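Coming up is one lone chain in structure tokens, specifically the form predicted on its own.
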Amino acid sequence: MKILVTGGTGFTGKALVRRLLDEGHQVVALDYQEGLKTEELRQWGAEVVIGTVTDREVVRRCMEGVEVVHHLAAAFRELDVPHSYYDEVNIGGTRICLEEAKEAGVRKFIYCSTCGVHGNVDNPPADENAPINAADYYQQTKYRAEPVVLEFHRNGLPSVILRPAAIYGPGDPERFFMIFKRVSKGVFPMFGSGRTLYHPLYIDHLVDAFLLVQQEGVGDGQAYLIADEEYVSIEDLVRRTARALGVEVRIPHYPILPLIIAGHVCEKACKPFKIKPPIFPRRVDWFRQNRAFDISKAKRELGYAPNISLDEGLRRTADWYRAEGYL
């Protein structure tokens, strides 16, 4: 098939493009800027289009002959932009992609949302019917696009929503790197109790889910939480990361309130200078917000079967960081 992946040069998009090409599909990857990753995608055989999902003409051109759309592009941790930018990209861009997909006769639209729409999970594990409590503007706008997707589904464009948990794995330059980097130094400062729950998602498992739902009639009109089999406390995750790296780690505990204050102050101080803050509220939330999910719906209805253990996934990720010179 001819398949469009928006956000195709990101960590998840790149892994998805690679798998689709390996399975013999023709892939168009849309992303907003040139870089080393775009050239790599071209070398693999993908068609790379530079542009934004808010540019209707670019989106229309990308939709020509496409049968399936995987919509991953989103505004995420953008520096020095107004809230309206998140609305424009995450909601408006999604609507443009849906409109052009329907006009082009696309047969399936898969929207990548986030487990973060559920916010802190008060009664873990949460399923898809758990309360929506998106904490920041990224999560809020990702959720506000979900009804738009379902609107188009009801109007004749078969669509599916995936809500991934904490994605990690080889090829991840950022998401889990801070954990690995701190652990590799032998000391991991833990703010709070360390008992907060966290639910990893190995990248191969997420790509599996994308491929499952692109099949005709699979998951249409539904939302699915996608995660690994196991969720863990953040202190357990740190200790298992140490085992994956083959190092000893000491975990001193500190009060979390000063870190919460520092996160807000640092974010505000860095914003005028367009500097990525070393600490910000979303990062602080890692220490205090439960993320633990029930994936039985995806297993039952999609045939989703995550089979790479957390320890194996962490080991593969550690090997990649070392091979690429990150550690």
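One rule holds for the numbers: they count along the sequence shown, beginning at 1. Owing to the predicted nature of the structure, the values given are computational and were not obtained by experimental measurement.
Another form, the form predicted together with a small molecule, is not on view; read the next lines as being about it.
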Could you tell me if all three of Phe76, Val89 and Ala165 have a heavy atom no more than 4.5 Å from the small molecule in the predicted complex?
-> yes
Sole residue of Cys62, Val53, Val27, Ile295 within 4.5 Å of the small molecule in the predicted complex, by heavy atom | Val53
Among the candidate residues Thr196, Gln214, Gln140, Thr114, which is the single one with a non-hydrogen atom no more than 4.5 Å from the small molecule in the predicted complex?
-> Thr114
Contact of Thr9 with the small molecule in the predicted complex (heavy atom, 4.5 Å) = yes
Hey, in the predicted complex, does Gln33 get a heavy atom within 4.5 angstroms of the small molecule?
-> yes
Using heavy atoms and a 4.5 Å limit, would one call Leu72 a contact residue for the small molecule in the predicted complex?
-> yes
Going by a heavy atom distance of 4.5 Å, is Arg175 a contact of the small molecule in the predicted complex?
-> yes
Counting only non-hydrogen atoms, which stretch in 102-110, 180-188, 157-165, 241-249 is within 4.5 Å of the small molecule in the predicted complex?
-> 157-165
